[in-house]
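The chain below stands alone and is given in C-alpha cells; this is the form predicted alone.
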C-alpha cells in the first residue's frame, strides 16, 4: 500500500474518545479504540470535518511556519482569494498584497487574475468537450480525494485543467529565476491557505509527482501580523476606484461557492458546498441523474474557501464581502480580465492542462491472497447479519458494516459490540456477558414479534 501524507494529526494526550470525529468523517476513516481516535490513512481525504467538530482540540492542522521562508533566497506569497474576504470591505486586494511584502515576502502574486484565466480555459474546455458529463471542478483537493476514495467511477469526470495556484507557482518561479539569475529551487513559493488540505496537495499532489509550491501558511497564522502591516501601511493606500480596477472579477469569485458559475454566466451548471450535499450530488451522478449538467463547482467547505477551517472571519460575512465586491465590479462595469484571445492561444497549446493522470486511490484489501479475501468477505457479511444494524458507533467503528470488517481484519473484537453483549446477557442469564465471542455472533436481530412491539410503541 502507498503511504499517504495528511494535513492533520490526532494528539493522543488531548483525545478523550468522544467519537464526534468518527461520526463526522464522510469516508469512515476514523476509529476509536481504548478511548483514543486514530485515522486510517488510505481512507482519509483531509476534509477537516474532524478538526471542526472535535470538542477537545485534539486534532491539529499541519501547515508551514513563517520561519520556512528563510530557507530560500527569494520568496513569493500566493494568497488564496479567500484571504481578501478576511478584512473589512474597505481593505481591497492591493493593500493586502502590499501588506504581505511588509511581512518579508519579496514578491506576491494576485491569484485572482490567474483564476480568471483558468475560468476562460474552463469555458473553452466546455465548448469542445465530448466526454462524460458533468465535468467536476478540481479546485478543492478534498473533493478530488473524495472521488478517488469513495467514487472511483467518477475520476474521469474531474476537470483535466491544472489548478491556478500550481500554474501561478510554476510561472512565477520561471520569471523570477530569469530576472534575478537564480535557480528555480532557490525561489520559495508559499500558498496562503484557508484550509489544511492544500498542504496535502503540495506535499503529495494527487495528479503529479511534485508540486511547484514549496509550502502553505495558514490564514489564521498570518492574519494578526498582516492586519498590523495593513493598518500601518498608509503609503500603500491607493484611490478606491483605482484599487477596484485592479481586481479580476472572474477570479475573485473563486473564493465562494458559485463564484465560477456566476462570473462565467454558465447556464447549465451546478454549485454545491458542504460534504453532505456533495455526497448526495455524487450519488446522483453515479446513478446517471446529472447527465444534463455540464459543469459542477464543488467545495467541501460550506460557502466555499471562505468557510475553510483556517480562516478567521465568519464564513457568512466573508461570503457576503466577496459577493458585494462582485456586485460592485458589475455595477461599476469594471472588467480587469485576462485577454481571452491570449487564453485561447495558450489553451490550444495545452498550457492549462495538468501533466499527470488522476487515478482511483486503492484501499487496503481484506487479504492479499484472493481466496482468503473472498472467505473474509463472506465472514464480514455473516458478522454484519448478526449485528443490530443501528450504527450506534459505541463499538468505536462508525457503522455496523465497518465494525464487521474491523473484526474480520483483526482490528476489533465481537465483544466490542455493547448491544450484542447486553443482548447475550439477557438471552443467556447466568453466563458472563461477552464471555463467548462465538455465541455472540450467533445471536439474531429481534424477530418480527419484537419489531411489531416496537412499531406499536411508535404508534402510541
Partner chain sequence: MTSENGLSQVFEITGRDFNRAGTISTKIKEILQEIGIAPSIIRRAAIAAYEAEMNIVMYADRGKVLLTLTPTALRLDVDDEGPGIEDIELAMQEGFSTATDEMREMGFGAGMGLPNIKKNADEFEISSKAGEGTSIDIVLYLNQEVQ
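The term rigid core refers to the maximal set of C-alpha atoms that superpose within 1.5 Å between the two forms. Residue numbers count along the first chain shown, from 1. Not measured: the values here are computed from a predicted model.
There is another form of this protein, the form predicted together with its partner chain, and it is not shown here; the text below is about that form.
Site annotation in the model of the complex: the residue of 262, 346, 377, 125 reaching within 4.5 Å of its partner chain with a heavy atom is 377. Put simply, of 129, 151, 223, 72 only one has a heavy atom within 4.5 Å of its partner chain in the model of the complex, and it is 151.
Note on the interface: of 312 to 320, 246 to 254, 176 to 184, 152 to 160, the segment with non-hydrogen atoms within 4.5 angstroms of its partner chain in the model of the complex is 152 to 160. When its partner chain is considered in the model of the complex, residue 274 lies well away from it, no heavy atom lying within 4.5 Å. Within this chain, residue 367 lines the site of its partner chain in the model of the complex, having a heavy atom no more than 4.5 Å away. Of the heavy atoms in residue 325, none are within 4.5 Å of its partner chain in the model of the complex. Residue contact check for residue 287: one or more of its heavy atoms lie within 4.5 Å of its partner chain in the model of the complex. Core-superposed comparison between the shown form and the other one: CA of residue 339 displaced by less than 2 Å.
Shown in the overlay between the shown form and the other one, fitted on the rigid core, is a CA shift at residue 381 of 2 Å or greater.
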